[in-house]
Structures are given as C-alpha cells and as structure tokens.
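Here you get one chain, nothing else, as structure tokens; it is the form predicted on its own.
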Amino acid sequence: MNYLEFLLMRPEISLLSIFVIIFLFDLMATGRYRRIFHGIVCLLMLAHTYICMTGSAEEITLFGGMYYNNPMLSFMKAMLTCGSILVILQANRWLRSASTYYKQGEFYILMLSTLIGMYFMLSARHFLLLFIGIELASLPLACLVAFDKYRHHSAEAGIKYILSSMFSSAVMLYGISFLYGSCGTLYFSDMATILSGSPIHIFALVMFFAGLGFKISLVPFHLWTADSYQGAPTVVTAYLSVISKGAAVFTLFIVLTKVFANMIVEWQAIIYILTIASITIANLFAIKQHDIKRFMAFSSISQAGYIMLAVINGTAHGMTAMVFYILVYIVANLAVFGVIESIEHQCTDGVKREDFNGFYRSNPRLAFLMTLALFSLAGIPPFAGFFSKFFVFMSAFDAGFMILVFIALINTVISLYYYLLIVKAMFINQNDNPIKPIKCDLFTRISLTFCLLGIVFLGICSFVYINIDKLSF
C-alpha cells in the first residue's frame, strides 16, 4: 500500500486535523481561553468548508477502488459541513450553560466523528468502508442524543436511538453478507456486473434498504424518530434531522445506482411503496402533535418521503434534484430549529404548539423567520422550498411515476394545513401572556441570517441548481 494516498483524501485529512486541534485545545485550554473555544471551532470549520469545495476538481480513486471522490461528492461533503456549521453556531448558548460549559470539546469531537463517518459513506466504493462509515456516523450520534445525561428524556432518547441503530446495522450487515456470499466480492463495481435480480439478491436489497431506511426515517423504520427528537438536545435534533438524514440519502442513491443498477425495477417498487407510506402517515400524525419537536419529527419523516421522489428517478437528473432539495431543506429546517432553540431558554419544560400563540406580538422578527421557513418546508412560492419540490416532482414524473407525483401533491396540501397551524398560532391566536422578547446571541443571529438568505434566494438564484447539474456524477 502506498501511504501517500492518504494525503489525496483532502476533505477527510482536513477534518481529522481539526479533530486533533480541538482535542488538544480542549485538553490544555483553561480560563479565558475557553471563552473563545466556540469561535475557533467555527473559523476552523469555515476553512475546512473551503477545502471541501476545492478538494477535488477531478475524479480520485484510491486503495484499489475502495475510496472514490469527484466534484459532486466534494460538493455534498461541503453541504454537510455548512449544515454542521449552522448547527454549531446555534449551539453556542446551550454550550455556554452551566451543565455543558466544560463539555464543549466532547460535543465538537463527537460531531466531527459523525461527519468523518458521513464522508466515508459518500466516498465508499466497497461495502467494508461503507459499513465502517455508517457505524462511525451512528455511534457518536447516540452519545450526542444522550448528551444531557442528567435529563431523563435525553437518556431515554439515547437508549432508544442506540438500540434501534444496532438493530438496523445488524439487518444491513445481514443483507451485505448475502451479497458477499453470492458475489464473492464487496466492491461496488464488481457486484454491479454480477447481480441479476435473483431471490437472494432481492432479499439482500431489502435488508440493505431496511438498514438505511432507519437512518432516513422512512416508514416503517421511523418509530424511533419522534421520541429521539423530543428527548435529544435541540441542536442535536437539528443535526439528526438534516445532516444525518442528508448523508444517508446521498449514500442510498449512490449504492442503488452503482451496485443495484440491474435491479432498478425492484428498488423502484420498494421506493414507490415507502414514499407513499412515509408522506401520508407522517402528515396525518403531524397534525395531532402538540410538542413542537415531535411535530418536526413527523415533518422530517414526510420530507424524507419527498426526497425519495428524486431517488426513484435513478439518473443524474434525479441526483441534481435530490442535492438541491436537501440544500434547501437544510436552511429551512435549521431556521425552524434555531427559533425553537431560542424559545427553549424561556420554556424550560419543552416547547408546545400553544406556546406560539401571540408570538408575533413579542418577537416579530423570529415569527417572520419561522413563517418563511415553514412556508418553504410546505413548498409555497416564491420561497426556495417551492422550487426544490418542483424539481423532485419533475424528476419522478420524468421517470414515469405520474400517480406517485399526484399522491405527493395531495399530501402537500395536508402538510400545508399543519404548517399553517403554527403560523395561525403566531399571528392570529390570542395570548395574554405571550413568550417574552427573546434576545439571541451573536452566533445564533448569524446562523438564522444565513438560513433566511438561503430560504429567500436559493430558489430565485437559478445558477445554484444549474451549477449543481453541471457537476459530474
């Protein structure tokens, strides 16, 4: 093995360098130096984002074909990194609280560990590297979910997440073992020429899909989502809902198109059923939710179903629509969670839908941002969410799934109803004691500003979608 090949893994090496710097700083910094810890991490991550964006102008294949990177994958990694930066910015006030002030380093290191795992998931062209990446991304997430270990709900959420994660990983590994037994190789390219759609291959496909379905929160693999989202710290919930989900969707698309290309009819049938189930069931359950984090959990399940409309296309056009949808989803969803995180400092027992009654009277700016984010998630023009939904609908329509698109459009009306319930609470419902005016810290304001700009301009600036479409896949 030529160990110099490791140096060509620029995104991973850069992130690992930040990991070491943060570890040493957390180990040695004391007193006033710890007060700049958060700012240092943000600057390092911004520099790392630049490296990701410029990390691969051409295709790179390393370690006999186990690792692969190209401009599209570099862009995906940069997207996940930018989303992580927004989450870190929103975590500032929470990390400065008495219970977490001396655990900042642990939080950053756990988050970076998951991010490295997601990088491996995207660049893997061998099932061994893929499984290592999935586990590296999943196990630290269980620690993050249970980060508030003295809160009963956080510990309970961590237990539910790790048990579900272990079961899904076992199911996935079981499917991979059948693939290896029937193909005699774990390389994606070699498997693609051998898989023929035999019963054992279909069984392996179902097992693998079930394992990744847990990461994406597709129905019926969604049962952990609401409890874990509710119990985890809000910034961790935000990370789970967008970054972890985005990496899993990217990975699923890559594996389906690179490994199971000859079984496209089989996996399109699976996606067809799961998409309808995810969108419909999540929308119906979201209407009944009063806890806002459980509400966003079912919203996240529904959004995962919409993302599958791009995956079912299985072409470069579907990849472009999927990447753009997740980019818009990141800014819109993180805007909602940023507002929830700000409110939680006054509603210590959790944020309910009723807490938003009269919210506009005391916090007009946050109410305005929340409204734009919810409109984007619902797909109302002219916000970015409308264009992202349009592209995934067109992607599924071009693949010939007209009925599926029609069902998704009907569900869009249902989702609009429950998103408008929160808007109605903020602007119309009366409340004699609304939430007091909230003063966000500088880092949160920066994060929410970028989310606002993304919601407004990502749809209008057509060059974003065009440039994504130009990236090679």
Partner chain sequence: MIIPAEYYLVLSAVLFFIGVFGFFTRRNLVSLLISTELMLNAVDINFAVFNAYCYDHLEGYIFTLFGIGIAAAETAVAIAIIINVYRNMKTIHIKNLRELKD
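Since we're looking at a predicted model, the values are computed, not measured. Positions refer to the first chain, counted from 1.
Omitted here: the form predicted in complex with its partner chain. The next part is about that form.
Exercise. Just give me the single entry in F386, F75, F178, Y272 that has a non-hydrogen atom within 4.5 angstroms of its partner chain in the predicted bound form.
Key: Exactly one residue meets the criterion: F178.
Quiz item: in the predicted bound form, which of the listed residues (A396, V336, I307, A146) lies with a heavy atom within 4.5 Å of its partner chain?
Solution: Only one listed residue qualifies here, and that residue is A146.
Quiz item: Heavy atom to heavy atom, is F391 within 4.5 Å of its partner chain in the predicted bound form?
Solution: Although its partner chain is absent here, F391 would stay clear of it in the predicted bound form, with no heavy atoms inside 4.5 Å.
Practice problem: Evaluate H201 for contact with its partner chain in the predicted bound form, applying a 4.5 angstroms cut-off between non-hydrogen atoms, and reply yes or no. | Solution: The answer is no: H201 has no heavy atom within 4.5 Å of its partner chain.
Self-check item: is_contact(N262, its partner chain) in the predicted bound form, heavy atom dist at most 4.5 Å
Solution: Output for N262 is no: heavy atoms all beyond 4.5 Å of its partner chain.
Exercise. Although its partner chain is absent from this view, report whether R96 comes within 4.5 Å of it in the predicted bound form, heavy atoms only.
Key: No, R96 sits far enough from its partner chain in the predicted bound form that none of its heavy atoms falls within 4.5 Å.
Practice problem: Using a 4.5 Å heavy atom cut-off, indicate which stretch of 323 to 331, 309 to 317, 179 to 187, 357 to 365 touches its partner chain in the predicted bound form. | Solution: In short, 179 to 187.
Quiz item: Within 4.5 Å of its partner chain in the predicted bound form, do I132, E156 and H290 each have at least one heavy atom?
Solution: Judged in the predicted bound form, I132, E156 and H290 all sit within 4.5 Å of its partner chain.
Exercise. Any residue of 122 to 139 with a heavy atom within 4.5 Å of its partner chain in the predicted bound form counts; write them all down in order.
Key: Contacting residues: H126, F127, L128, F131, I132, E135, L139.
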